[in-house]
Ligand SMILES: Cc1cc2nc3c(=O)[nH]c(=O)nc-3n(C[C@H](O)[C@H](O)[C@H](O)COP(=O)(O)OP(=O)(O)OC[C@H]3O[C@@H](n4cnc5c(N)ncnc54)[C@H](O)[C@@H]3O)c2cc1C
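In structure tokens, one chain follows: the form predicted on its own.
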Amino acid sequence: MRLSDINKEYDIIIAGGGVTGAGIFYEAVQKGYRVLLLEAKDYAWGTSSRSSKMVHGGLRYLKQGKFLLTKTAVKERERLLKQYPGLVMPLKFIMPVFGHYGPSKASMKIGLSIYSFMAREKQHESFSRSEVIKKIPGIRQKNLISAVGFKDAQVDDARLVLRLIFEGCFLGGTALNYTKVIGIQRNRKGHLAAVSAMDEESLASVEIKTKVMINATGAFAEALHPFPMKKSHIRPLRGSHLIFPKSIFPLDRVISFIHPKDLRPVFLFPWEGSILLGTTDVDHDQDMKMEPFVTMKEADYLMEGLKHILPDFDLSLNDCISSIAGVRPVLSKKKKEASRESREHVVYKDKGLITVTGGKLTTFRRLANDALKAAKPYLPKPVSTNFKEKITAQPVDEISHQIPKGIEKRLSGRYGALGYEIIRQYDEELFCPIENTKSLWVEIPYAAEHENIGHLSDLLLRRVRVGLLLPKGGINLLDRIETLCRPYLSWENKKRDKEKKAYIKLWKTCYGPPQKKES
């Protein structure tokens, strides 16, 4: 479906297809509203596919006195673990405690006790010095005292966004990627009356009637609606990660440590069969119209921290297979250190135009409900509908015994009820991993047929993540991928060649190891 095919009137139009917009879209559809989501690029194109993949309670916010933010995040983490098994997965953390810098063991135990209290169950443990040395081979032993362990969770961020959007569409909502909001119209009283949108491919534009638009465009929010408070503006902050093959340092938990240079928390963690090192927190001074990339300065910072915590671990940037950089839309009232800016979300309204910014991946549902609460005075009474039965996944008993252990849970987690449509097409050759990743070959043609692929990068960087998980972005697999997708993507030879070249160039520029981008 493209812009020319949609209705020309909706209760709510949402600008932005990241986790914030996707969350609002899903919640609004469930409440019975007629909803249209418009994304100028691809779904999850921005920070929502480039985060630290963590669904966490915000332990570090306790130090800042943000008890309510932490409590809310802990509650939402527990809800997401229950609601999205197979997509949101529990994950263990271990944080070494040193005598010469960083938080003390006593302060960590106090913070973790509060953390456990908020979760209503004990979620932490202590390790002796000898236990830490066994659990983290090669750890710096000088001034090492002990370690603390705690629980949090992890997610494939892009797949969470995609599940929210496609389940929302399954329930009756409408979503378009590569469709940009280019203007709004108001009536004589100044209330929102319509939204102008343009198809980025055909450049065709239409006017769509609505009394509510929710601006969830993240770091681009002020382009549609400047923040009303004086001296308050969105401050784009970049968080970067380096990705390594898991074979170089097998991990079953996150190693959380304090960077000796600025005392910021840094993580080394397993994800989708790889190891991620991150993150940074710096002002984003790159062209906002271009995809962000990890700088050599950030890469050196991350490697310096890793070398400090694992001094004998022989790892260099030469081992890095890819990188990701996301831009956080933080509302800043005054200049602070980047890492000290508040991550709490803000909602403001202007006669039907609702703008949301800030927030965390974990608390997207709270932000969504706050946005809809702000929009309620401008909305009609929603249609009363019960969607619960419609989106409940039904197992396919007749073939379940054929499917390898864990695959059914993975597909139902990543695709919800729609995952069982994939399972019904069971094929032993396609239901196997793509090289050493956890992505399955069957996900490639499914995405091509059902998930609004505009470019090859949509498929390899967001629908499946092999562009991040395989050396050189998986370009050695492009011929097989093309064969699988050909029945569903009506690309002529010229278009296919153009997409391959564009993907390879984009990967080298914005997703490859940093030294290759800046050499």
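Keep in mind it's a predicted model, so treat the numbers as computed, not measured. One rule holds for the numbers: they count along the sequence shown, beginning at 1.
Absent from the display: the form predicted in complex with this ligand. The rest refers to it.
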For this session: Answer yes if any heavy atom of residue 181 is within 4.5 Å of a heavy atom of this ligand in the model of the complex; otherwise answer no.
Result: yes
Exercise. Looking at the partner-bound form in the model of the complex, is residue 220 within 4.5 Å of this ligand by any heavy atom?
Worked result: yes
Exercise. Even though this ligand is not shown here, does residue 328 get within 4.5 Å of it in the model of the complex, heavy atoms only?
Worked result: yes
Problem set entry | Proximity of residue 468 to this ligand in the model of the complex, heavy atoms at 4.5 Å | no
Exercise. Heavy atoms within 4.5 Å of this ligand in the model of the complex: which of the stretches 163-171, 358-366, 440-448, 201-209 has them?
Worked result: 358-366
Exercise. Which one of 414, 77, 241, 151 is close to this ligand in the model of the complex, taking close to mean a heavy atom within 4.5 Å?
Worked result: 241
Exercise. What residues, if any, in 138-177 have a non-hydrogen atom within 4.5 angstroms of this ligand in the model of the complex?
Worked result: none
